[in-house]
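Next up: just one chain, as structure tokens, the form predicted on its own.
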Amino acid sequence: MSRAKSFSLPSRVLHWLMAAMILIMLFIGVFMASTVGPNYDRLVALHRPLGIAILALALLRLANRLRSPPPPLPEELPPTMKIGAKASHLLLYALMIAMPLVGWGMMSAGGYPILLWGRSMLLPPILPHDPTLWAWLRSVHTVLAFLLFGLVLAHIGAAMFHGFIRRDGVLQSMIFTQKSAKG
């Protein structure tokens, strides 16, 4: 059985940093949707800059992936699993970029200022003020969030499947481990 080679160090650092940020963002979003009062404002104050940071890191990660492609999947992996892996990664990248852009557009269409880090940075609107567009984008943002949550769960499940059932090195290729001594 062939073993997957490891991802580059920048790829692994970006993967785990973004994994933590996306999980935090998904939970913040859930709490925002179920909160009223002063806690809502605090959650929004976290949600917006974290979303923009995810967007920036997703673009950096995409550039890194183009510069340092991932290791090939194990040869004995069934073709349907290879297609599923490639499709799910493509969709993850699309969502990591689309979600913050839709959120930014939603806030722009709602006429809300997009303040980051207190009042130290104000993002320009990317769409005109339009309450109908705001409502539509809010629904899109919600649907994309559920899609991202489901895809993250599937990604974690696939990683566990590779790591604990197939034991084909795919999970280990993204984990920080000591390199074995070459003999």
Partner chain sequence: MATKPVVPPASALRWLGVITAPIALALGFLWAGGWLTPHRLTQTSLLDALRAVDGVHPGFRRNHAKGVCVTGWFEGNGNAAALSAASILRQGQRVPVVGRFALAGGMPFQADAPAKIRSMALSLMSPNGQEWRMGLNDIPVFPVRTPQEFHDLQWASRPDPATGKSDPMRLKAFRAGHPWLQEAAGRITHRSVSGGFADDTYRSLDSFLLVKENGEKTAVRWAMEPVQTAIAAGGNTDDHDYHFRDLIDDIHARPLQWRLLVTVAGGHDVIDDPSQVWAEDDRQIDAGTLTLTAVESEEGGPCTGITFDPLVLPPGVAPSGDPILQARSAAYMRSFSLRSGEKSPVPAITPSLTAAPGDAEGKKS
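Numbering follows the first chain given and starts at 1. Keep in mind that what you see is a predicted model, and the values were worked out from it rather than measured.
Quick note: we don't show the form predicted together with its partner chain, though the next part is all about it.
Its partner chain is not shown here, and in the predicted complex it never comes within 4.5 Å of any heavy atom of residue 64. Contact between residue 60 and its partner chain in the predicted complex is not found at the 4.5 Å heavy atom cutoff. Looking at residue 47, you'd find every heavy atom of it more than 4.5 angstroms from its partner chain in the predicted complex. The closest non-hydrogen atom of residue 140 lies beyond 4.5 Å of its partner chain in the predicted complex.
Taking its partner chain as positioned in the predicted complex, the residues of 126-152 that bring a heavy atom within 4.5 Å of it are, in sequence order, 129, 131, 132, 134, 135, 138, 146, 149.
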